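Consider the single chain below, provided in structure tokens and representing the form predicted alone.
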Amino acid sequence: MALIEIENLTVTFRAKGREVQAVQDVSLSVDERESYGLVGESGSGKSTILRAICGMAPVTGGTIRIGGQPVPTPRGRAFSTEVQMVFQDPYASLHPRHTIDRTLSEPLAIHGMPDRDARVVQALTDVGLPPAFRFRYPHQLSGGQRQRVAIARALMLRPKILLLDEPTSALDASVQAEVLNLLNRLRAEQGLTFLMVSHDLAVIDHMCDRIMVLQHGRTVEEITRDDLAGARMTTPYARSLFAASADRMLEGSERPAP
């Protein structure tokens, strides 16, 4: 059963008398517990799709449905219990003057949920952080630890869907692997559905069951993980993305250790 359904989505930004169509007639569906990837160069519209789902980008055409129901405008509290987003920069997404405890407790307070202390401790444990971290501030944590906190915050309301916008691109390679493995474990344990954006095909290959390739706001093609692993793309653009990603991986492996 499709948990996320997008049909003919169009997103148009208007500024200073100009219109820019960031997304044009994109359609996709994501099954429950599936991990679906969006890839493409900068400006391809992949992050805009996530923001449109959350109500942070102007939908000017098409429909978005979660669990078979059209998303409301504005999104409201019920939507936030179903869908949460994890952003690229963990430091920018955490309030610098709020302790981790306050950051994680706030969604629970807004929704009137009980047992806040126990839920905060459990959330930290779920993402591999000790309970004592709840009394620290973001600047006292490493980049990987901050992203773990951002993931914990996204899971506080026990949503079914996580929208992941380049969740590891700001992290070192070794930390990236830890966070990606954490996300895969949480998906399996909590029955989560992922819609994930990345420019890195190696990350997408590790995380996603199916992938949509985007260019200039339009769908180029949709492939499976097996297609990606076997380099079975049908369009020149998708093949060029694969070749560029493979070249970057080769350069990284050949770079001498510092």
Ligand SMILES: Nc1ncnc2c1ncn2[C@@H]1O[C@H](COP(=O)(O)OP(=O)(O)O)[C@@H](O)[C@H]1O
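It should be emphasised that the depicted structure is a prediction, and the values quoted were computed from it without experimental measurement. So that there is no doubt, residue numbering starts at 1 and follows the sequence shown.
What follows is about the form predicted in complex with the named molecule, which we do not show.
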Exercise. Within 4.5 Å of the named molecule in the predicted bound form, heavy atoms considered, which of G67, G43, G191, G230?
Worked result: G43
Exercise. Would L241 show up as a contact with the named molecule in the predicted bound form if we use heavy atoms at 4.5 Å?
Worked result: no
For this session: Report whether the minimum heavy atom distance between S47 and the named molecule in the predicted bound form is within 4.5 Å.
Result: yes
Exercise. Is any part of 1-35 within 4.5 angstroms of the named molecule in the predicted bound form by a non-hydrogen atom, and which residues would that be?
Worked result: F13, V20, A22
